[in-house]
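Presented below, as structure tokens, is a lone chain in the form predicted alone.
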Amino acid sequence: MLPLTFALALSVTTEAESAPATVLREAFKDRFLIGTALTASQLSDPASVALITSQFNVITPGNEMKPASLLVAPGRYDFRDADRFVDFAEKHGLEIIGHTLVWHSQSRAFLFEDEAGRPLPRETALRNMRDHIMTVVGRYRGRIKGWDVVNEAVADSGGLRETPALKAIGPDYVEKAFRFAAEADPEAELYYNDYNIDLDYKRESGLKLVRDLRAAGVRLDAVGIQGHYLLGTSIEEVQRGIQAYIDDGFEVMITELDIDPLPRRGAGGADVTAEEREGMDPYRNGLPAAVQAELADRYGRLFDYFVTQPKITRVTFWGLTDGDSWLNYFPVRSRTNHPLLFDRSFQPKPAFFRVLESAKKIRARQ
């Protein structure tokens, strides 16, 4: 059951010509899909299920379809949690995105390396990658809307990241992965997904990769821009970057959206001192009103732009509520973060209502 205040909010109706007041999927139904990333445990939590099914029309398994979650050993798979996601989506009339087929993290070394950690021969690694993609995509053929085929292949320093797949196969591993996925399910949409490829320092490398895929004749249905932003991230830079992909003819999806309001210093991580952690976890008792307002403004400015772009076809939040966010553990463990539209009590925050305000611009433009 949803908390009382939010359940009451859902009962509010509005004039037909105005944007729906309290439901994201209704507010943006004429513009783009609106989604959330989930864990398997949330699929059986009543409060989570009520919020998911009332607000969103597309879901992404946060971890359950990654190679490390599916592959138990060479040729052995555990599909139980992934199956739960697909069954849940079908039961509730939701679209589902497969995340992710090829990634250097949360993978299995034996796909691309031998027992000594050396790259496998190219043909062996290609066969392993093809077998994995054909097995996973083939299992859900016709049931998954689209796949993040390759995740985070672009290096922060430019060019391709030195991943096990790159070392074993070569730079065409990205192209090959897309061809294998298209073979496994010709009807599923295929995406390239990455972080910060909209920002100035990484944009040209991101554009080069997707342009090269297009030039090779690969089917690339959308570029996934993750959208992990800070309060201080320049909205103008984000818009400029997204627009570069759109202007180049690519469909864009915002695939992992959140805005981190907590301070960051350096890389963070497990080695920060107790004193540093104290200073980097300032909102354990909730966001101050001024920070709530700033978070709402940042989200609003993003969505004000999103709704003006017909080639943005999906926006997915990376988490359901603040309590579920990965940012409670990254880049510093065990902090209390507040990056999403719903708080730890499943209540909508000011950012939620500011995002809904952006939907009114859809009808204004029609």
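Predicted model only: the values in this text are computed from it and were never measured. Residues carry their position along the shown sequence, with the first being 1.
This next part talks about the form predicted in complex with a small molecule, which is not shown.
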property	result
Any non-hydrogen atom of Asn63 within 4.5 angstroms of the small molecule in the predicted complex	yes
is_contact(Thr163, the small molecule) in the predicted complex, heavy atom dist at most 4.5 Å	no
Partner proximity in the predicted complex: Trp103 to the small molecule, non-hydrogen atom cutoff 4.5 Å	yes
Phe306: touches the small molecule in the predicted complex, heavy atom cutoff 4.5 angstroms	no
Non-hydrogen atom within 4.5 Å of the small molecule in the predicted complex for each of Phe56, Lys145 and Thr316	no
Which of 136-144, 245-253, 95-103, 281-289 lines the interface with the small molecule in the predicted complex (heavy atom within 4.5 Å)	95-103
Listed residue (Asn196, Asn128, Asn151, Ser205) with a non-hydrogen atom within 4.5 angstroms of the small molecule in the predicted complex	Asn151
Heavy atom within 4.5 Å of the small molecule in the predicted complex - residue from Arg179, His228, Arg108, Arg214	His228
